[in-house]
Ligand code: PMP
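Below sits a lone chain in structure tokens, taken as the form predicted on its own.
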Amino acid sequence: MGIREQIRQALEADAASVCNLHAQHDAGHEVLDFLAGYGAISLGHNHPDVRAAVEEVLQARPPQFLLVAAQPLAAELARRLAELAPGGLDLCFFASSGSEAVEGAMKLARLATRRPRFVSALRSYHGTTLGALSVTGSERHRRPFQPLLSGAVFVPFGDAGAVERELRRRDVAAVLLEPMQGEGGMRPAPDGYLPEVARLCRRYGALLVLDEVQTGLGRCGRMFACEEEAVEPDVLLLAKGLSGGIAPISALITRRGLWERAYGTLDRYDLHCSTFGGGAVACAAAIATLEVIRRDGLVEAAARYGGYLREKIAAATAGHPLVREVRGRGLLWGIDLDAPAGGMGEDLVGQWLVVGMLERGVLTQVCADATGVVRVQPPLTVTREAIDRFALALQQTLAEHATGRWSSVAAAAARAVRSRAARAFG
């Protein structure tokens, strides 16, 4: 059997994805994807224009990963990102994941400032590699891998005074923040917080690194979430939706002068590198993705449909005893469930809602470090009809447990036990 035939059979066995918002699972049932690969599937599954760009590269057969000079598609992608980025950010470094982008930002900050420490936020999530975990404010993610890098401190998200208390020591290389915490429960930065932190970083000589892996590229109704309050970071990080869900790629965007301060000598120019960074396939997918976002007005669409999504979620959850709050921006929302019994209750009720939605043909998931918060994250290509279908599934699922918080937790626990028993004996 040839290689193409082997691949074809593997794809058929795993069920092929289809374009736009839908994916098919192995039972042949259509599922509406409101998780979107945690934001990576920004244009829906297998967008034809992004696929065509990748196929064009494969047909052209350019040399891959020469690693002696910037390749044409990497240079073009860098040019486009520099045009979009705020604050005169004009240099890009490409890698394969958000975690790698965070690692690159940490290394850049230490070399450029000659300082050892980092400030991040409680409930933050910046990745799974050792350095990224060191600035991730989730004890659950950090604990198994300790001891981590020294010199990282965590402050409450939204508390600029706590940031300043650390910066006064003048040994902080960078402050790393998400404009809206994702895995920490879909928590937008309070008004005025990011501009004040940016001001403090300038005053005390630290870099401001904004992790827009989840919030960037139109997700929150602006090209970058930091633009809502005209914040200009020293380093901007992108990944996930940058390639439209086709190929792994991330980007660190900074100022040329800052990069040269860190790496601008013969003995340091190659201290930070990536074998697969800037590959032609990934860069072609990213260029096509940026073009689709521009051509189809998807940033504006995210703001418009985000407002409609907010209204539909609010209507579907209104008055329900389990729903504490709905919060978010654009096409990135969290449904915060008011579950008793602490973390165990959150786990049960969060997964109960996720499973109930899946049974009604809608895919979503809880936040990794806030399991009582269900994330709502459709592709940027979402339609009103898809939002209506999502809202109906949400309303129907919540209606199963409309009597109270404790009864809902008990019912969710009973369902979990039945499901486990079915797997064990069935």
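The numbering used is simple: start at 1 and walk along the sequence shown. Just so it is clear, the structure is predicted and the values come from calculations on it, not from any experiment.
One more form of this protein exists, namely the form predicted in complex with the named molecule; it is left out here, but the text below deals with it.
- Checking Phe157, Phe93, Trp352, Tyr125 against the named molecule in the predicted complex, a heavy atom within 4.5 Å turns up for just one residue: Tyr125.
- Checking Thr254, Ser120, Ser134, Gln214 for any heavy atom within 4.5 Å of the named molecule in the predicted complex turns up a single hit: Gln214.
- Residues of just one listed stretch (94-102, 262-270, 301-309, 160-168) have heavy atoms within 4.5 Å of the named molecule in the predicted complex: 94-102.
- Although the partner is absent here, Glu178 sits close enough that one of its heavy atoms falls within 4.5 Å of the named molecule in the predicted complex.
- Contact between Asp234 and the named molecule in the predicted complex is not found at the 4.5 Å heavy atom cutoff.
- Of the heavy atoms in Lys240, some are within 4.5 Å of the named molecule in the predicted complex.
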